[in-house]
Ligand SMILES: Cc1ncc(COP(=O)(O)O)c(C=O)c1O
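Starting off, we have a lone chain in the form predicted alone, written out as C-alpha cells.
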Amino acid sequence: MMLVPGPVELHPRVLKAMSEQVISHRSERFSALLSEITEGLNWAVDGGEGSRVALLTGSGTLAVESMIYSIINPGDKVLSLEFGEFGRRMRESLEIRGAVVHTIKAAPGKTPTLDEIERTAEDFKPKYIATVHVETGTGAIVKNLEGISKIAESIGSHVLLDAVSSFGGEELRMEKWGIYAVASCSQKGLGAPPGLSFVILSRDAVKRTCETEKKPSYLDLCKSMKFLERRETPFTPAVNLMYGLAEALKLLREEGKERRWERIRRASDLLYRKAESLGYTPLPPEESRAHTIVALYPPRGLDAAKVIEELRKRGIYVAAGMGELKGKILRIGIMGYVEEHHIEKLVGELESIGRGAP
C-alpha cells in the first residue's frame, strides 16, 4: 500500500488507459487528447476565462522552474515565502534566475502570517509573491491564498504558486482567489503516473510569458502557448502518460472536485486523530495543517526510521523527513484514491509496531 507523498498507486482504469498504442504528436487524435487534458486541468483549478494550460514532459520541478523563467526577468523583485524544503528550492530557483529576492521564513510546520506578508510587501514592493501551497516536507499549507492575492493586488503585484502537493487534493480556485500562475504535476493529488507537469496561466500571465527575456527553450512557456494555439506541444511529449492523465481527470470529474477534497480531508483528519491516540505528535499545528500530507513525530521511545522500516516489511510505504527533519518524522500522503479503510489499516500496523508485535 503506497502512502508516500507521491507518486501514488494508480486506479485500474488509469493503468489500462496507459496501454494504448503510441500516436504521433502531430496527429488530429493527439490534438484531441491534448485539448481534453488542458480543459480538464483548467476545470480542476477554476482557471477562468482567458487562462491557458501548458503541458510539460517532466517533474513538478520543471513546472515550477518554467513558471519562474517564463514570468520573471532578471532584476524583478520577488517576495518568497519559505516554510520548508520546497520553499527553499523555489527561492533558490528565483535567485538563480536573477530575481531580487526577499524571503519570509517560518518554522517547520508553520507558515508566514498575513500580517507579516502585508508589512513586508508594503515595504519591499515586490513585483511577485512566490509561495508553495502545501509544503511536501512538513505537511503545512498556506490557507489564505485569497488574502495573499489581495495584498499583492493592493501593491500591483502577482502571486506565483507551487501547487505540486495540493492540486487535486486541496481546495484551489485560481480565478476567484486571483492567482497569477499555478505550477503542478500529474502523480500526486490527480492520481496519474509521474512524468508530466503543467503550468496554468491567467490571461495576464499568458501575455507576460512572451515579454520575458533569455529563457531556456525547454522552459519557455510562450513557445508552449504558441503551439497550443494549434493544439500541439513544442517537443515530443510522453503520450502514454497523457492517456493516463486524461483518464485520471475523467475520474476526478466523475467524483467531483469538491467531493475529492472532502474525501481527502476526512481521511487526513481520521489519521491525525487516531495517530495522536497512539502517542504520535502532529508536526503542523491545526491552523496550518494540510490534508494531502500528514506529518507526524513518533512517540517517545520509537525511532522514525525504524517505524518506516517496519511498515515497509508489512507492505505499507510512507516517507521519511527531509532536510532538518530527516530521521525525525513520518510523512504520509493522503492523495489519489486513499480511503478511510487504508487509514484504518495503517493505524492498525502503527499500533502493532508500538506494542513491539512482529
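Throughout, we count residues from 1 along the sequence that is shown. All values derive from a computational prediction rather than experimental measurement.
If you look for the form predicted together with the ligand, you will not find it shown, but the lines that follow are about it.
- When the ligand is considered in the predicted bound form, only one residue from 47, 298, 60, 333 comes within 4.5 Å through any heavy atom, namely 60.
- Only one of 80, 187, 209, 224 lies close to the ligand in the predicted bound form, with a heavy atom inside 4.5 Å, and it is 187.
- Of the stretches 273-281, 234-242, 171-179, 157-165, only 157-165 has residues with a heavy atom within 4.5 Å of the ligand in the predicted bound form.
- Using a 4.5 angstroms limit between non-hydrogen atoms, residue 129 is distant from the ligand in the predicted bound form.
- Although the partner is absent here, residue 111 lies well away from the ligand in the predicted bound form, with no heavy atom inside 4.5 Å.
- The closest heavy atom approach of residue 86 to the ligand in the predicted bound form falls within 4.5 Å.
- Under a 4.5 angstroms non-hydrogen atom cutoff, the ligand in the predicted bound form has residue 136 among its neighbouring residues.
- Counting a residue when any of its non-hydrogen atoms is within 4.5 Å of the ligand in the predicted bound form, there are no hits in 94-108.
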